[in-house]
Structure formats: structure tokens, C-alpha cells
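Below sits a lone chain in C-alpha cells, taken as the form predicted on its own.
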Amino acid sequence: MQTPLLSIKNLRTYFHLDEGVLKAVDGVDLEMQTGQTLGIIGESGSGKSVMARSVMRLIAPPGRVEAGSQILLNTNDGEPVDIAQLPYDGDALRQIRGKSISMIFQEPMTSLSPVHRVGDQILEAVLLHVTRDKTEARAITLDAIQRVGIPNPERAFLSYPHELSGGLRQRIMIAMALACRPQLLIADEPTTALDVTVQWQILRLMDALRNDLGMAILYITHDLGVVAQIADTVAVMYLGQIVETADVFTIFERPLHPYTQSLLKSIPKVGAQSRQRLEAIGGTVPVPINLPVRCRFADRCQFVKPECSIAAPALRLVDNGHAVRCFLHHQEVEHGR
């Protein structure tokens, strides 16, 4: 079998607070292949962004990736590297960030330095990971800016973030992430707060660059419409756990978990039934502090069973490539919780 580009085993990212231990990511298992686009969906508070930052080791105290978790990256240099075990201040981790894995953050205005020209911010990463020659690095930077569809790359290179529109700033973030040609791109809601036209342009751009560069994309969003357009495989997160995963067609046509079904029913539809009232998921995502051992969706589920309140279901395969964490489809319990 092909060796996965990224393999996440038992990922647990906890925040140790005065109120208790907040389990933002609690036992996530994922695999990604080269060239694959994996969509991570779920409500705000499900742990999507924390999981992405855990892969990049960008979790600040009081949070930490717990001992025993594995984030194996199959780099071009040889043997897989366990990112979870690398020192925060080591050269090995700095070489992986930007070169092997890059990330597009949610809000470019707060992610870009307001006092440095955007070209210099991209140039810094190229000088660190690609070449020490400043002339060559500048040429690579301008090519990255042009590749993301920004008119007049020279002018954009000399601009400060506040001189660019929201769409152009987002494209600069993508150019920065792609300048060093990473193996894996993590896109954390990169089209949030953009108008529909610019959003569609950026999605087409990312898909084209994926085909051109052969990289994998981990796409995090709560927008199911975006997932349907860009993803090959989908993982649904709820309260720090993966509750269902399958290929994108299966998720939309044959969802099994009640949470996934509820998410899909909340999408507006165009057609004869467009006047029907959209279904809403009752309640809110609870704060994951001192949670009891039980199904985490039980309080909001309309199909709840007695065992849901006394045991935690495990994530198990029910079909080829289709896994679900629900007692409606299997009776396996997750032990040691």
C-alpha cells in the first residue's frame, strides 16, 4: 500500500485551565495521501482549527499536544518524521513549517505584519527554505504572486497589507503558503468573509495549484457547499472527535451519523421544495471540560438510545472507506476514556 503523506494517530490537544482540562482535540485519527484534498467540517467549537494548529505545532500554553499522540509526515528527505515529538524551538520543526507544510490562516489582516511589505514577508520564507540568493528569491516571490492571479506583481510586492483589498490579501496569504512548494497545504477557512465571486476564484485557484504542484490540501471549513466543490474525502468533527468520514459523494448521498444528517438538512436548496423551513440542530456545542463518558452528541440527537448516555461509541468502519462513531450503526465502545 502507498505510504500516507500525513498520518495522525490518537491526536489529543488539551488546554489545562483552572476550571479543568479542556479537551479541544480528543483522539483524532486521520490519513492523507499525496494530491488528496481532505475537507474537515463541523460547527464552530468542534476543534477543527486546533487540530490544524496541532499539526503545525502552533499550540501555545496552557495548551499542548499530549504525550502519546503521533503526527507522522512522510517528507521528501527520507524517513517519516513525528512532528508531535519535535522540540518547539528546534531547527527540525522550523524546516518543516513553510517547506513541507504550509498554512493559510483564517484572517489575513491579522496574520500579515502591518509594518512590512507583503513581498518581503513572502521573500523571508523563500530565503529560509529555498535559496539564499536574493535575486533568485525575489523572482520566486514574484512568480508566486503572479501565480495566484494578482495583477501587477511588482506593485503588489511593494504594498503594505492595508493597501490591498480583502481578496488580494487572501491571495497574498496563499502565495506565501505556496511559494516554497509545500507537500501539504492546510487551509483554515481561507475564504471566510470574502464575497462569493472572490471565493469561487480562490477555490478554483487552489484546485489548479494542487494539480500543478501535486500537493495535498487539508481544507477546514463549516461551509458544506465549499466542501462539495473542492474535497475528495470528508471528515466530520464534533466536540474534538471525528464522528464520520467517507468520500465526498458518500457523505452527501448516504450520511450515517445524526450530526452529519442534521448539517446537511440545514443547507438551503434551490428547487420545488425551496420554501420549506430549514432544520436547525437544537442546543449548542458544549465546552469540552470534564465531559462524562458518553456519546458527545447525545444531548442534541433525535435518535438517542439508552446506551448513548452510559458509554462512548468508537469510530468504526461500516463500509469500504466509510467510518462512523454511532451506536445506531455498531455497538462497539471506545474504552479507556
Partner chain sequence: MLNFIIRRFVFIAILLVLVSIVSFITIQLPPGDWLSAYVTALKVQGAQINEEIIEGLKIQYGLELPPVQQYFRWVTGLLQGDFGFSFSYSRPVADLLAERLPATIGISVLTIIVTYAIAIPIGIYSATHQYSPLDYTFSFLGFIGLSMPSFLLALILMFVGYKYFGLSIGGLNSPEFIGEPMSWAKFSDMLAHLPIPILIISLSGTAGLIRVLRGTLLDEIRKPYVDTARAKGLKERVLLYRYPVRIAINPLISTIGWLLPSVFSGQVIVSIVLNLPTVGPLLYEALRGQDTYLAGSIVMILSFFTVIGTLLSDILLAIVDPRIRIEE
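Positions refer to the first chain, counted from 1. Every value quoted in this text rests on a predicted model; they were computed, and no experiment measured them.
One more form of this protein, predicted in complex with the partner chain, exists but is not displayed; see below.
*Asks:* With the partner removed from view, which of 83-91, 257-265, 218-226, 142-150 is the stretch that lies within 4.5 Å of the partner chain in the predicted bound form, judged by heavy atom distances?
*Replies:* Heavy-atom contact with the partner occurs in 83-91.
*Asks:* Since exactly one of Lys134, His116, Arg204, Arg155 fits, which has a heavy atom within 4.5 Å of the partner chain in the predicted bound form?
*Replies:* In short, His116.
*Asks:* Looking at Arg210, His129, Arg181, Arg138, which has any heavy atom no more than 4.5 Å from the partner chain in the predicted bound form?
*Replies:* When the partner chain is considered in the predicted bound form, the option within 4.5 Å is His129.
*Asks:* How about Ala298 - does it come within 4.5 Å of the partner chain in the predicted bound form, if we only consider non-hydrogen atoms?
*Replies:* Outside the cut-off, so no.
*Asks:* So, in the predicted bound form, is Met237 in contact with the partner chain at a 4.5 angstroms heavy atom limit?
*Replies:* Contact with the partner chain, no.
*Asks:* Taking heavy atoms only, is Tyr160 within 4.5 angstroms of the partner chain in the predicted bound form?
*Replies:* Tyr160 belongs to the contact set for the partner chain.
*Asks:* Given that the partner is absent here, does Ile281 sit within 4.5 Å of the partner chain in the predicted bound form, heavy atoms only?
*Replies:* Contact check for Ile281: no, nothing within 4.5 Å of the partner chain in the predicted bound form.
*Asks:* Judged by heavy atoms and a 4.5 Å cut-off, are Tyr14, Leu30 and Gln70 together in contact with the partner chain in the predicted bound form?
*Replies:* Per the other structure, none of Tyr14, Leu30 and Gln70 touch the partner chain.
*Asks:* Under the 4.5 Å heavy atom criterion, name the residues of 164-184 that approach the partner chain in the predicted bound form, in sequence order.
*Replies:* Stretch hits, in order: Met173, Met176.
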